[in-house]
Ligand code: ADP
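To begin, one chain is listed below as C-alpha cells, in the form predicted alone.
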Amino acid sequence: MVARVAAGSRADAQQAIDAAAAAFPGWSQTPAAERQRIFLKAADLLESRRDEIVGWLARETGCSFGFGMFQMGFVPGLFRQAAGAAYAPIGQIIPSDMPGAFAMAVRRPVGVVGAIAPWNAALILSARSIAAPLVFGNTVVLKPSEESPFSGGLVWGEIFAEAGLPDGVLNIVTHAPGEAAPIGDELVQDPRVRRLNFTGSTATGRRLAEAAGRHLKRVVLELGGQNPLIVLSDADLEYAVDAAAFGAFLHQGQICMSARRIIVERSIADAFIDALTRKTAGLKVGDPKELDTIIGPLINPAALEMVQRRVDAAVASGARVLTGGAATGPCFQPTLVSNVPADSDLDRMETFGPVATVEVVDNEDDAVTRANATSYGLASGIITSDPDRGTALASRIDAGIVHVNDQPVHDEPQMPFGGVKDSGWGRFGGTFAMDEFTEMRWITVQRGRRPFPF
C-alpha cells in the first residue's frame, strides 16, 4: 500500500462545488498580479519538493526516474508560463455602426470548472487541468485518478495552500477504485459547473461529451492517440532509431502521444528495423526506482493483461513479434511487432503499453495514407533530413500535432496541445486555453441619447 486517502462520494463532490461557487466572485476579481504571484510561488514550492514528488510518482504510477524528472521539469515551467497568462485576457474595442456607441469585447472567467485528470503523467496532466482555469480567474473542482490521488491531486492542495491560494478556489475530490462515475456525474449535472476538461480514453471522453451535451456544457477533451512515426528514406538512421525507441517506450508507452505505429520507407527498412529491434531488446526492464530502468511496471494487472491479449491476438492473425511479446512480472517487455493485420485491435486501437508496430511502405505517399488510416488524430512525427520535405508532408497528416524530424512525444506549456477526430477537441497550452476557460462578452456604452422609432 502506498497511502490511505479519502474515498469521496457524490455528496463530497457537491460540497466541493459549493465551495468553488462561493469562492468564485472573490477570486474572479483578484488582481492579475496576485494570481501571478501565487503561481510563481507554487512553482518554487514544487521544485523544493522535487525528490519527494519523483518518489511519489514512482510509487503510485510506476514512473521511471527519468520520466519523473521530466515531469518535475515541465510543471514548474507550466506554472511560470501560466503566471504570465494572468494578463492575457485583454479584450478589444470594436467600431460600432450605432452613432454614439462605444463597443467592447471583454473576456471574463466562466465560473466553476470541473477537471478530470488521468494517472499516466499524473503531475503534468493534473497541473495542466487546473493551471489555465485558475489563472484566468475560475475556481476548480479536480477529480484525480484513483491510481494517482496524491501526485495527481492532493499534492496541489498542499502546494497551492502554501502559495496563498484562497480557500475554496481549488477543491480536490479523491475516490475509491471504480467509484469515479458519481463524482463525474455531479460535475456534469450541476449547473454551476460551466466548463469541464477531461484527459483520458476516447471511450470515456465520448460518454462525458454526450452527457455534457444534454446540459449544453462545453468540454475540453484530450483523448487517446494511435500515433504514427514516419521514417523517410533520407533519415539519419541512428537518429531515427533513437527517436523511435524514445517515442515508443518512454513510460512504458503509457503516454497519449506515444509512437504506436512506426512507418518506414522500404529502401532503409531492413537496416532500420534491425537496429531498432536490437535497441529495443536492450532496454532495461524492472524496478522504476533504479535510475537506469527504462521499462517499469504497467499501472495495474488489468493493463498488463490487455496488452498481452492484443499482442497474442495479432500474432494469432499472422503478425510477427520481432522482440519482446511477454510479461516479466508486473512489467511487459518492450515489444516490436510487424505484419500486423489492419483489422486487429493492435493496429486499430490505442494499446497503452510498451508495444509498437512496424510497417514498411514503398514511398512517402503510402506513408501518409497509412499514417491517416486511423480514427485518432493526436500526435505524429516525421523523421527526415530535409525539413522542407517534412513540412510539406506535415500539412497532409490528420493530427493536431506534427513534429518534423522528431518523434510524437513532445509538449511545451505555451503550445496549443490537442487533437482532432477521435483524439478530442479544444486546446490546452498558453493563451490558446483562454478560448476554453473564458467567455467573450459584448459590452456597449451609449454616449448621449439613442433615437428610437416609437
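Please read all numbers here as calculations on a predicted model, not as lab measurements. Sequential numbering from 1, following the sequence displayed.
Absent from the display: the form predicted in complex with adenosine-5'-diphosphate (ADP). The rest refers to it.
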item	value
L57, F67 and G153 all contacting adenosine-5'-diphosphate (ADP) in the predicted complex, non-hydrogen atom within 4.5 Å	no
Sole residue of R261, R195, H175, R128 within 4.5 Å of adenosine-5'-diphosphate (ADP) in the predicted complex, by heavy atom	H175
Residue (of A181, A105, A316, A326) lying close to adenosine-5'-diphosphate (ADP) in the predicted complex, criterion heavy atoms within 4.5 Å	A181
Segment assignment from 156 to 164, 318 to 326, 86 to 94, 118 to 126: heavy atom within 4.5 Å of adenosine-5'-diphosphate (ADP) in the predicted complex	118 to 126
Partner proximity in the predicted complex: A243 to adenosine-5'-diphosphate (ADP), non-hydrogen atom cutoff 4.5 Å	no
Contact test in the predicted complex: T369 vs adenosine-5'-diphosphate (ADP), heavy atoms, 4.5 Å	no
Partner proximity in the predicted complex: T204 to adenosine-5'-diphosphate (ADP), non-hydrogen atom cutoff 4.5 Å	yes
Contact test in the predicted complex: P109 vs adenosine-5'-diphosphate (ADP), heavy atoms, 4.5 Å	no
Within 4.5 Å of adenosine-5'-diphosphate (ADP) in the predicted complex: residues from 136 to 161 (heavy atom criterion)	K143, P144, S145, E146
